[in-house]
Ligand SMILES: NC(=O)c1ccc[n+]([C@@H]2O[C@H](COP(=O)([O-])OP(=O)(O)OC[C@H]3O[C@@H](n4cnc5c(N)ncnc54)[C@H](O)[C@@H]3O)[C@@H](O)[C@H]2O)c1
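Form predicted on its own, single chain, as structure tokens, below.
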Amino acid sequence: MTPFPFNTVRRTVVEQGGSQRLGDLASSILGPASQTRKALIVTDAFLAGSGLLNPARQSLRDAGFSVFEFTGVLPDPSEAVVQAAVSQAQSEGVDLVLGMGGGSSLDVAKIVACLALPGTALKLPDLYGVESVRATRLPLVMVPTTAGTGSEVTSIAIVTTGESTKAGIVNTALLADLVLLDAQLTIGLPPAVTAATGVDAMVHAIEAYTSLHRKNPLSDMLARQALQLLSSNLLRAHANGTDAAAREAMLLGAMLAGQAFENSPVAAVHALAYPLGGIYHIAHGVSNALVLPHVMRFNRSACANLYAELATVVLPAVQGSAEARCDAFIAHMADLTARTGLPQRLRDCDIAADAIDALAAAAMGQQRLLKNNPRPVSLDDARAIYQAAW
């Protein structure tokens, strides 16, 4: 067997209603009880005001924590947002950081835990890149409230650095001490958000399974299980926001997909999706859905056998040659996104045809991701994929 590493978080708890004992769970990762026990919740204003976090807040207080909150997280968080969160954590002298919310809140929390560590000389730009520095951090807890990004179990964070540019941080210091999956926090998630985040998670599983680099037996197992959970529960969760079983399956599937792509990284779907988010501020899951079937058709010649293997996960009755099963899988994914009501074409998102050249050029800047694609992607290839998606 080819040697491979596998990284993930230290502890995971899957428990409906688990946020009601978050204080005890958080206490278990801290040291002596004599610590000051100050916790910072990093979240967005909507979630903070929704009442959904009240059981978690009360549980933390009951466990002896002074609870502070940074509620300024926005989609595609900017450097200014990250710096503001770090400043609050430093001024309060917190001992623990909790990310609660969607991927943006989790990403910000991970960075805050590194930069707010007392005595650190690190600044945000120091972290950009892949393991650019040896970082340490404050104790860190991740509590996702959407089922999609997988950020709770990855060493990755994305920061918006300009009007249409983003920078990635990949650093094992971002792997949390504790992840809590409480499906009760996802009950009632709007159908559009359920669809976008669910498709995002499925893309993570598909790209991890077909990644050119670091694909391994553990990531494969996680990707297959994630895809099975997500594909069989997405439409249920989309149709009925109160289906607790479907919600929990989606949350678990998204986490497993996150563990898969943490160790076998994503590729061209994400590379071509990022410019759509950066330039047009399209939600990440929607951006992935827009290009997914077209990238899969492009990749068909390089990984038809792998797509055929995934077809047996989501379409157990599928038969025929590897090529036939591959085509069935691609068609199924396109149909699934359509049935959730997500936009199917770039023009549905008010993107003009004459924007394709700029999008393709921007996508080629994502070499960190493109190098993982099973088939090389040239500038002309990127143009053709966007044209097919238009």
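Throughout, we count residues from 1 along the sequence that is shown. Just so you know, these numbers come straight off a predicted model, no measurement behind them.
Form predicted together with the ligand: not shown, discussed below.
- For the chain shown alone, residue 76 is a contact residue for the ligand in the predicted bound form, at least one non-hydrogen atom being within 4.5 angstroms.
- Within this chain, residue 149 lines the site of the ligand in the predicted bound form, having a heavy atom no more than 4.5 Å away.
- For residue 193, a non-hydrogen atom is located within 4.5 Å of the ligand in the predicted bound form, even though that partner is not displayed.
- Heavy atoms of residue 211 never reach within 4.5 Å of the ligand in the predicted bound form, leaving it off the interface.
- Checked against the ligand in the predicted bound form, the candidates 217, 188, 162, 316 yield a single residue with a heavy atom inside 4.5 Å, and that residue is 188.
- Using a 4.5 Å cut-off to the ligand in the predicted bound form, not one of 264, 362 and 373 places a heavy atom inside that distance.
- Partner proximity in the predicted bound form, defined as non-hydrogen atoms within 4.5 angstroms of the ligand, places exactly one of 138-146, 87-95, 294-302, 237-245 at the interface: 138-146.
- Residues 44, 46, 47, 52 are the ones in 39-53 with at least one heavy atom within 4.5 Å of the ligand in the predicted bound form, listed in sequence order.
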